[in-house]
Every structure is written in C-alpha cells, then in structure tokens.
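The chain that follows stands alone, in the form predicted alone, written as structure tokens.
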Amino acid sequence: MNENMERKNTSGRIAAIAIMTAVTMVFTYVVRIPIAPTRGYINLGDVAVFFTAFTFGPFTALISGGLGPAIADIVAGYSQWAPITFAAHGLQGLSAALVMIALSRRKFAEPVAGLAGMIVMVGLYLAGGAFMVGFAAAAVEIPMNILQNAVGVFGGFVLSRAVKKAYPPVSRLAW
C-alpha cells in the first residue's frame, strides 16, 4: 500500500512541475514591459516562481522557475536571455523554498524567503547583463527587478496561502 501511495505522490509531483512550468511561462510571457538598455523585460513571472517555492518546495521551484521563464524568453524573441533567465529564476525559486523550509512555522518566513530569492535573481541578472551589455546598462534593471520581485513575493504569498487553505492536500506535493 505504501509503494502505491508513493507512486501516486511522485506522479502528482511530476504533474505539479509540468503545470507550474506552464503557469510560470504564461505569467512571464503575457505581461512584458521592455527595458531598453538591456533589451530585456520585466514581467509577472515572479508571482508564479514564488507561489511555486512557497507551495511546492525547492525541487519544483528550481525546475519550473527556471524552465517557464526561459521558454517565455525563447517564445517572446529574447532567446539571448534564456540561459541567464533559467539560472536566475530557477535559483531564485530554489533559494526562496529552502529558506522557507529553514524558517518554517515562523511568521516572517515568506518575506525573508522572498528576500533571499530576490537577492539571487537580481544578482544573477546583474552579472549576466554586465557580461552581455555592460555593467551600466545592467544596473539600470536593478530597481525594476526589485519591484518585480516585491510584486512576486506578495502575489506568490497570497496565492499560496489561498491555495493551501482551499486545498490542504496540495502540501503533499512539495518536493
């Protein structure tokens, strides 16, 4: 009986990765605000990345947080950013989820986890942008990336709490 239950959990977790990858791609692709100096854009993808981190855990956040936005970059014509996006958003989700686990049951867990994800994402985009377009142009994105992350943390937190309250078994899909 336990083996059957574990198989169901694994199937559910894999489905969660696939669904959250698609959701993250859509959140990233639908609203795009171009940033001229870097030829990049800001978006709502961080809402989905943080929702995934807070709801489904580090492994799912790493995979779907990296793949979804990278696919959106490719589809939207920003292919040059896809590798940096994969690393920045995947590690953003991973770090936020790991901090959430470390601070579980503390009232301030989500904001601190969000800050950890924000530092990773902003730092990696700054480094990647500096390599691609120069430090000055990449630095122009910092305030917008911080704003994008703040919206993502808040939106991800609200959605995660609502989903966990409406459907408590979702926590079993954390990975």
Partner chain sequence: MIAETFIRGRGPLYGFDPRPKFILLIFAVMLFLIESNLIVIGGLLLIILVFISVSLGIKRVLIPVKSILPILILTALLTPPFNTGGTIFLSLGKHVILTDHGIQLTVRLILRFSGITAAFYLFFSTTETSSFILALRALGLPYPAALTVTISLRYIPDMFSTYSRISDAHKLRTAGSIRNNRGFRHRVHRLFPVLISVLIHAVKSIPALAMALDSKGFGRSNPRTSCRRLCGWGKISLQLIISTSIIAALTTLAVLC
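The structure presented is a predicted model; accordingly, all values stated were derived computationally and were not measured. Numbering follows the first chain given and starts at 1.
Keep in mind that the form predicted together with its partner chain is missing from the display, and what follows is about it.
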Exercise for the section: Could you confirm whether residue 71 comes within 4.5 Å of its partner chain in the predicted bound form, counting heavy atoms only? Expected result: yes
Problem - Contact test in the predicted bound form: residue 54 vs its partner chain, heavy atoms, 4.5 Å - result: no
Problem - Any non-hydrogen atom of residue 134 within 4.5 angstroms of its partner chain in the predicted bound form - result: yes
Practice task
Mark residue 150 yes when one of its heavy atoms lies within 4.5 Å of a heavy atom of its partner chain in the predicted bound form, and no otherwise.
Solution key: no
Practice task
Report the residue, out of 31, 119, 112, 142, that has at least one non-hydrogen atom within 4.5 angstroms of its partner chain in the predicted bound form.
Solution key: 31
Practice task
Counting only non-hydrogen atoms and a 4.5 Å cut-off, give the residues of 70 to 88 close to its partner chain in the predicted bound form.
Solution key: 71, 74, 75, 77, 78, 79, 80, 81, 83
